[in-house]
Structures are given as structure tokens and as C-alpha cells.
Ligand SMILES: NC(=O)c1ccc[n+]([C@@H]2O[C@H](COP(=O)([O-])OP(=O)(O)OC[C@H]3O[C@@H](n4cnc5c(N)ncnc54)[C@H](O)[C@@H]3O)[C@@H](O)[C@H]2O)c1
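Before any questions on how it binds or moves, here is one chain, the form predicted alone, in C-alpha cells.
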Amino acid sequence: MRTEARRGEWPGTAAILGAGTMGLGVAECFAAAGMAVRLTDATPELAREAREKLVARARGHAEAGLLPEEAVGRAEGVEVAEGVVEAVAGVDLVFEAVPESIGLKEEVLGVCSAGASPGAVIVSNTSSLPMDDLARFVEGPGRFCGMHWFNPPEWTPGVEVIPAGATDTRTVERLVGFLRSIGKRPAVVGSGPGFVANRIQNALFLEAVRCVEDGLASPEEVDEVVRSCFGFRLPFFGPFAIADMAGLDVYASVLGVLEDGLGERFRPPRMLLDLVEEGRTGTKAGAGFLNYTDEERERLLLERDRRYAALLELLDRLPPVGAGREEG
């Protein structure tokens, strides 16, 4: 999380609607960045309890050395609003984080868009609902956008920014700039089912479960394979850069074996086969999904090795997955 000194002027004030895990984490981020934050939940009592949890959470982070001591004071400055109308009055940014019920979101977004100032930006932290469906509930839908954070929101840098069809480009630009100013790494994505992160994450999860069901490994062993093999690369590179470095011809060959053994879900995509046929096999060819000069390729591979070596040193300090657990 970044501090007030590094953040721009907008937004100066925010309302958090919904004080569950995500709402509290985002509230802590906003407060630590120097914003004036109002918090509300289903009842005033729940909101007050949530604020107490927020302060305790910030205090624990400060004691652990994860936040400066002044962040506790900023968390203590978070206000509790009696309801949605009181929370959104006059704020620059409204952050909706109520449960994933289309009916509940319709109610909350309708109330907050009627009560917020016309210039307020309204975002929903939905992880799956279509943006165009939600935008229908907002007066002035050009100011509405999806902004999907990930748990724990204080420390996970990625945020998906998901415009609806009616979202103004200026709204997207303001949100992206704001997120970067508080240390996040936003990506603007389309409003397909699950957006991008959940679509990929759940594809991985399904195959992990199938590996266990097929008797290939235990859950603990699958977790170890993921975190110490291909997952080891993921903090630094996405799937396209990783594939380019490995060789797209290699990927096409492996997918052929997987398709033969496991069926159509592993059929190599046409996009991949076309690149291989064109000789765009990755960094070794100077082009794959991405393009590389000789200098860029050498710099990329050297930086890759530096990062992997640093991460390996960190992992070597940690116990293996499941270490110290007693057998049930």
C-alpha cells in the first residue's frame, strides 16, 4: 500500500458499501493512502463492528511491520455511516462490495447513484456479474465501472477494471490512474463470464481437482507442483511470455499429447498453431505471441534468471507445503 504523499488528488473521499473481507481490506488501503473513508453495512451495528475490526487489522499490520504506525491513526479516522444514503453523500468514489446477488446490487446501486453527487464515480467489486446488467441500475452509467479486487486486497496488487458498454473512457482512465497511484497494477478487461482472472484461475483449479481424482497426486503434492514449478514463474511473467520463452512449438507438441490422452479440452488453439506454422515460435525465433529484438531477448532472459534466483532464495526460507501439520 502506498501512502498519501505518493497519491494524486482524486479521489479525496470514498464510500465503502459492504464491510466484509473485501470491503474492509479496500477501506484499509484507501485510508492508508490518505483518503477520507466512510463505511457502511447492512445495519449500523454491523458497520460499527466492522470499523472496530478495521482498526484492529491496521494495528496488527503495523505491529507486524507491514504498515507505518500512522496507518493506524488513518484507520481510526474511518467514519461509520448509518446507511447508503449517508455514506455516499458528497464523496468522489463509491465502492460497492455487497454480496453477489443481482437483486441486492440493483437495490444498493440504485440508492447510491441517486444519493451520490453527479460527478461521483461508482464502481462494483463484483467478481462475476455482467457489467451491462449492473450499469442499468445506475443513474448516469457513464460514471459506472467494475473494479474487481482480489483477496487479500491490501497486498494483492492486481485489480481488474471492467467497463460496461456505457462507461465513459474518462472514468476508466481516472480509475486506472488512481489504482496505480496507490500501488496497484490495474488491467482493463472485458465483461465476459468470470472476466479474466477467475476464468483462468478456475480452469487451473478444475485440472488440479482432476489430477487428484485421477490418482496422480494428493492435494498437498499438487500444491507443491504448482507453486514450485510453473507457478514459480507467475509472479513475474504471464502465460504468453512464459510460453514464448519455453517455445510455442514445444507447447503445441505437449498439447497434442494431452489432447490424445485427455480429450478435446486440450486441443491446441488455432492461434497457437498458426504462429508455429509462421515460424513465430517464441524468443528463440525473435517472435511468438510477442516480438523481441536480439537485445530485448537477452535482457529478458537474464532478468528472468535474476528474478527466479531471488524468489528461490525466499522460498528456501519457508517450510514445504503442509510441513508441521499433524496427521488426522
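Predicted model, so just to flag it, every value in this text is computed and none were measured. Numbers follow the displayed sequence, beginning with 1.
If you look for the form predicted in complex with the ligand, you will not find it shown, but the lines that follow are about it.
- Leu104 is the sole member of Ala246, Leu104, Ala89, Ala187 with a non-hydrogen atom within 4.5 Å of the ligand in the predicted bound form.
- With the partner omitted here, the residue from Val161, Val108, Val123, Ala75 that has a non-hydrogen atom within 4.5 angstroms of the ligand in the predicted bound form is Val108.
- Residues with any non-hydrogen atom within 4.5 angstroms of the ligand in the predicted bound form fall in just one of 175-183, 228-236, 94-102, 135-143: 94-102.
- Asp41 belongs to the set of residues with a heavy atom inside 4.5 Å of the ligand in the predicted bound form.
- In the predicted bound form, no heavy atom of Ser117 sits within 4.5 Å of the ligand.
- The ligand in the predicted bound form comes within 4.5 Å of no heavy atom belonging to Thr156.
- Remark: Ser253 does not count among the residues lining the ligand in the predicted bound form, judged by a heavy atom distance of 4.5 Å or less.
- Taking the ligand as it sits in the predicted bound form, the stretch 140-162 comes within 4.5 angstroms of it through a non-hydrogen atom at His148, Trp149, Asn151.
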